[in-house]
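First, one chain by itself: the form predicted on its own, in structure tokens.
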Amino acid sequence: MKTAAPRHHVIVGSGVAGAQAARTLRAREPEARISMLTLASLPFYNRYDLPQVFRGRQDWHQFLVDPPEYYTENRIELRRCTQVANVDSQRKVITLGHNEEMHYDTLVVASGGRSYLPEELSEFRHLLDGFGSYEQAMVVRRKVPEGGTVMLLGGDMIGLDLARTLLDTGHKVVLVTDEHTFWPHQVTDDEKKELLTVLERMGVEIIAGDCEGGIDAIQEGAKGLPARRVIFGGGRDRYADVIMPFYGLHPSVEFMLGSGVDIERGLLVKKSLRTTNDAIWAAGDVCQIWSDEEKRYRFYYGWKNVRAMGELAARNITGEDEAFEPTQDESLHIHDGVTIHSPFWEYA
């Protein structure tokens, strides 16, 4: 009797959720074929460690969670710099950016999110720097002189994590606040005021963006001055060596638009992380999970939650029937009136 061919599990994304899904799938299905597709140029590394480039940790090998040979030894086909163009859920076929087709038996979408930039700032994109990859982090490190100034726009928890390191390493941090400040935490106006006071005590210069009439323009700095100039609607301006937007994340789901899977802002999934297609699962910042308590689909953030999603998706693909339970609380805490603690800064 002919034996059935091993299943082919395809994972889109090589971050925390995708890497954990691959690890769990390999442990539970030793004979399966596993392919991981990622736009990244490097194997899986801890992006939460990227602020360490300001502490002298700059060799990309130091950021890797697993050495390159891990993928070969565990028979995980890692395809870097690979774009997924679309997913045909009827045929169970993925089309890649160069028109290659790849068949799957199960698909885990763990493509994460990209930095969100408000439309009114899009014309100034070329003057802004990101911090979502090792390459971007190194560009910023080279641009910021010792004791230089970094301006954060919005100031989500990823940006504020970077701010802590910048302050510790002798740099100046300017925060231009708006409704995204402290994202993804939900804070009241009174809580926000108290948290901003603590940031000032830590050494962050606060500019209330809404009180300044918003950002009117971003320009290159004049000769002899820092490289960037921000002009606010009220006429005030401020210079910085680097300007970085931190307005939260936008789920990377464009390639799924024609797949037939239900999408709101992210992929809608049951508590098992299965989408509306039985062969497609989602994990991490890309998926909205049904909440019985809130009676809505919602996102869950944080390194621990994202890793738990990757493992759960893989476990359920391989025969379990478990529901996602968040492992991190979502509240901000102030310690001794001088420091802020967020559970989203817990990466171990």
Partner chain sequence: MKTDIQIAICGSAGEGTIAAGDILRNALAGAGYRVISFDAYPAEIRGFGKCVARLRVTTEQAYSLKEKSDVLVCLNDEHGIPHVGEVRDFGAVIYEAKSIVHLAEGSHVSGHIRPAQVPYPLAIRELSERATGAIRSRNMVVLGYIAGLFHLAKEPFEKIINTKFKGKGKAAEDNHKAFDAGYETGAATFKLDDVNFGPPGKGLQAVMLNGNAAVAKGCLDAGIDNFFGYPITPATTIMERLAVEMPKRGKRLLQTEDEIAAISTTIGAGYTGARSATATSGPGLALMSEMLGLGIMAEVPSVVFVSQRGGPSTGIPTKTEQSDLNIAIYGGHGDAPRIVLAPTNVEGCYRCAGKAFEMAERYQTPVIVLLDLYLSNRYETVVMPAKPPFEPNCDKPVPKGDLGAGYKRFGFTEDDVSPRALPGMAGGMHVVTGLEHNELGRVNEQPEMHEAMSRKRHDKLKAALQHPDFTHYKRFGDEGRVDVGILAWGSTVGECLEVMFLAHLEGIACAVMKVVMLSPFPTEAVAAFMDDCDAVLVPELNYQGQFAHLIQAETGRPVHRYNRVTGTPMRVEDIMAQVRRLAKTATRKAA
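Numbering follows the first chain given and starts at 1. Note that this is a predicted model, so its numbers are computed, not measured.
One more form of this protein exists, namely the form predicted together with the partner chain; it is left out here, but the text below deals with it.
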What stretch, of 303-311, 287-295, 24-32, 59-67, brings heavy atoms to within 4.5 Å of the partner chain in the predicted complex? 59-67
Within 4.5 Å of the partner chain in the predicted complex, all of Glu119, Asp178 and Leu195 (non-hydrogen atom): no
If you check Arg142, Arg201, Arg125, Arg265 against the partner chain in the predicted complex, which one has a heavy atom within 4.5 Å? Arg142
Heavy atom within 4.5 Å of the partner chain in the predicted complex: which of Ile206, Ala227, Val187, Met138? Met138
Is the gap between Thr82 and the partner chain in the predicted complex 4.5 Å or less for some heavy atom pair? yes
Mark Phe232 yes when one of its heavy atoms lies within 4.5 Å of a heavy atom of the partner chain in the predicted complex, and no otherwise. no
May I ask you to check whether Arg7 falls inside a 4.5 Å heavy atom distance of the partner chain in the predicted complex? no
Under a 4.5 Å heavy atom criterion, is Tyr71 part of the interface with the partner chain in the predicted complex? yes
Counting only heavy atoms, which residues in 93-115 are within 4.5 Å of the partner chain in the predicted complex? Gly97, His98, Asn99, Glu100, Glu101, Met102, His103
